[in-house]
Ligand code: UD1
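Only one chain is given next, in structure tokens, and it is the form predicted alone.
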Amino acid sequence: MVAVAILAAGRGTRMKSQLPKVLHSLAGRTLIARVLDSSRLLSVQRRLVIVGYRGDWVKQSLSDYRDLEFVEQTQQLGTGHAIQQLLPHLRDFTGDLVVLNGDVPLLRPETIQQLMATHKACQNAATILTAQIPNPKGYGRVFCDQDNFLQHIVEDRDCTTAQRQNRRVNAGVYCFNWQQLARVLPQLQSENDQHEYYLTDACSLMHPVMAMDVEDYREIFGINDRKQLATAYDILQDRVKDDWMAQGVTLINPDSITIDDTVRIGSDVIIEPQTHLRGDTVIQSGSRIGPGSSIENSQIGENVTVLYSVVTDSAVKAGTRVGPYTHLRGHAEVGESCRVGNFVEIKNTKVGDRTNVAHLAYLGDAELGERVNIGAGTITANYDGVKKHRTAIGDRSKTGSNSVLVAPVTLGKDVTVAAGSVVTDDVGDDALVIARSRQVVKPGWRLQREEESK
């Protein structure tokens, strides 16, 4: 059996925030959500989150996770003290305990899986994740024999000059045999400068204890302040973009592009500069996104072009061209082989295949059939001041420039709306609708100038 415990009780005073440190966002997800995700490859029977500062906020943020157990640490007296709080909760547990830090969000699931595999294969009492880092200043050094069995851990301030040459540091991630750990936890002492109980002290009371180096030392990067949060974002972006380029995605000027690690991208996609892909977004193969585009929680089909545009919570099907300066939002759905052009906003609207909304239009709460043509300046007036109403436009219908369709209203198939019309009543199939005042011309009339009136 496997249990996972996440240390998430601290405030994180260097973040200068009322928000608990583990609830700060990294690329659209909280730090603690990322830490939880890092254990997804393990077969876990119990997941425990140790909370303290504003623990109710932490619990609320994780309400979508099933089967989490929350353990209170009312005083934050060190990592060993935090794990001591598990003793009554895991009284009858037999198996291994994986300990993760809620402020170390970049661990790959494969790394945790490898740590567990090493722990089991070697039948260790404890296995410590370590890293060889270029500049270990400030980190406790981990000293091992030639077989990677732990000899001792020395804090940076206590290291001799020779010991400081050791670049192996403790990542603060552990796998313990719980029954052995439970026996030594009550023996921990707080005889140190911080008067805290350290989990590393438990390792010195157990045998055998092995260290395992992580391949990429940046995975153990912890976050204590806003600058480190920004650094973690850069690390994550490098990882995500390198992975996508290896899978056949072209990134033009990668440094100007940001991609959340929740985004999925097909092969032969081209991402232009100053483009940002967020949340649950899918870009299918052959599409070209950008430059200057933002896509969030949206699905983009094959061979779509999105130029200088914003797409949020929407879908664009294959072969459609979007932009420049288009805004799709609020569950807009644009069909295949459409053209949505300059300064067009579409909200909560379904647009049929091969329909054109070329420029200067607003379509809200509407449904358009296939091969519809929306003239420049067309607006669906969907809000009466109290409620939103829908507009329906049938196949092959056309609106002239500067038309206003006052919802609720339905236009049938093959309807033509004359330019400048304000349509308030339903129109059947095969019709021309003219809803504007007749032009009046008064020959010989001109506006009298002020000097003439005098």
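The structure presented is a predicted model; accordingly, all values stated were derived computationally and were not measured. Only the largest set of C-alpha atoms that superpose within 1.5 Å between the two forms is called the rigid core. We number the residues from 1 along the sequence you see.
Absent from the display: the form predicted together with the ligand. The rest refers to it.
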Open item on the list: Given the stretches 347-355, 273-281, 110-118, 147-155, which is the single one in contact with the ligand in the model of the complex, using a heavy atom cutoff of 4.5 Å?
Closed with: 147-155
Task: The unique member of 299, 373, 224, 132 whose heavy atoms fall within 4.5 Å of the ligand in the model of the complex - done: 224
Task: Answer option from 262, 76, 179, 84, heavy atom within 4.5 Å of the ligand in the model of the complex - done: 76
Open item on the list: Taking the ligand as it sits in the model of the complex, is residue 377 near enough to touch it, meaning that at least one heavy atom pair lies within 4.5 angstroms?
Closed with: no
Open item on the list: Quick check on residue 5: any heavy atom within 4.5 Å of the ligand in the model of the complex?
Closed with: no
Open item on the list: Just checking whether residue 295 would be counted as a contact of the ligand in the model of the complex - the rule being heavy atoms within 4.5 angstroms.
Closed with: no
Open item on the list: So in the model of the complex, is the ligand close enough to residue 102 to count as touching (4.5 Å, heavy atoms)?
Closed with: yes
Task: Contacts with the ligand in the model of the complex, stretch 1-24 (heavy atom within 4.5 Å) - done: 7, 8, 9, 10, 14, 21, 22
Task: Core-superposed C-alpha of residue 370 shifting 2 Å or more between this form and the one not shown - done: no
Task: Large Cα shift (2 Å or above) at residue 99 between this form and the one not shown, core-fitted - done: no
Task: CA of residue 158, rigid core aligned, shift of 2 Å or more between this form and the one not shown - done: yes
